[in-house]
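First, one chain by itself in structure tokens, the form predicted on its own.
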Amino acid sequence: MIEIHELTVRFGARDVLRNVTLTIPCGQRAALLGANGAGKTTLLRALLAHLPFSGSAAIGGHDVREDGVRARALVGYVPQTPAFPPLLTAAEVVAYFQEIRAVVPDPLPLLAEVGLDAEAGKPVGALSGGMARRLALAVAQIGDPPVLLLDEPGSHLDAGGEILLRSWLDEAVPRGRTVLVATHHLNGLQGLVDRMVLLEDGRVRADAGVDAIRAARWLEVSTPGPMPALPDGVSVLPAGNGVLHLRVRDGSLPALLEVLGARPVDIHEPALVDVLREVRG
């Protein structure tokens, strides 16, 4: 559904994206991970043909530059910072985008779905950040698009909005939706995506399915010496000052704790991106 081949974006003398190649098939939910400045937003904007790039990109078989109208018609997009006309009401914003999508204007059902029916007559400029984010989620659903591009969708969402977002991701597979969600942290959403792609310095550094990532997870345990007889699945990491630093494969922690007995332990779970870098894909 989404095909990207050697996509490069250059701002001046700097390559913001370099030879990015990705294929996200129909019905897959992929998380695009990376720190701020890694190029995540730039990649989504390139998919919408909002900026020039070399290489190629297509959505649903439609080249995003040569056949951009048809490509974008397949997409529901939640930008990192929604920017709606501040004097329009929430209902007017939804109705406006419904007309653009050739959908009969009827904003109230969509606003009710995101919990904004009581705010239908309120100007956008008077909405809180969380409400504006919910409005962006409502607009992205217009026409039931088969592709969702979500840029930091959990940012500024309240608890109710996060529940709504999780339900979107949960329902994406049975509805056949393809999802690309860009974020620098998943906020508990990793159980609702099928694949994780790590973008660093404008390049794809790792790409793996969640099952492979889950199987590769480990824990790091620090405890005072001396060295005991270590059970299977436990290895020694560099440490000093008489402290043992151990890497513990998933499932081996109970056996290690039994060996350590009453010793104090400090258990640390590595960052998701560290696991992803190791898996690579």
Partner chain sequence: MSWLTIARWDARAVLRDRWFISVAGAFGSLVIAAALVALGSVDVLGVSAFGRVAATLIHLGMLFIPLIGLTVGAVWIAGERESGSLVLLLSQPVERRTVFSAKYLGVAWGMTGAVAVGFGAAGLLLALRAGTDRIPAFLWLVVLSSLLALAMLATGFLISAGSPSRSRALGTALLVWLALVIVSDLGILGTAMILRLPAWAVLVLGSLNPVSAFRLAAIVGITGSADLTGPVGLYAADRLGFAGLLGALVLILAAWTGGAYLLGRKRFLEAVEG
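Positions refer to the first chain, counted from 1. These numbers were taken from a predicted model, which means no experiment stands behind them.
The form predicted together with the partner chain exists for this protein as well; it is not shown, and the discussion that follows is about that form.
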Q | Close approach of Arg175 to the partner chain in the predicted complex, 4.5 Å, heavy atom | A | no
(Q) I'd like to know whether Asp117 contacts the partner chain in the predicted complex, with contact meaning heavy atoms within 4.5 angstroms. (A) no
Q) Lys122: heavy atom within 4.5 Å of the partner chain in the predicted complex? A) no
Q: Flag Arg45 as yes or no: does it have a non-hydrogen atom within 4.5 angstroms of any non-hydrogen atom of the partner chain in the predicted complex?
A: yes
Q) Should the three residues Ala73, Glu92 and Phe97 be counted as contacting the partner chain in the predicted complex, with contact defined as a heavy atom within 4.5 Å for each? A) yes
Q: Heavy atom within 4.5 Å of the partner chain in the predicted complex: which of His62, His50, Arg217, His245 fits that? Just give me the one.
A: His50
Q. Given that the partner chain is left out here, which of Pro109, Pro85, Gly129, Gly160 has a heavy atom within 4.5 Å of it in the predicted complex?
A. Pro85
Q.
Can you tell me which of 227-235, 209-217, 51-59, 248-256 lies within 4.5 Å of the partner chain in the predicted complex, counting heavy atoms only?
A. 51-59
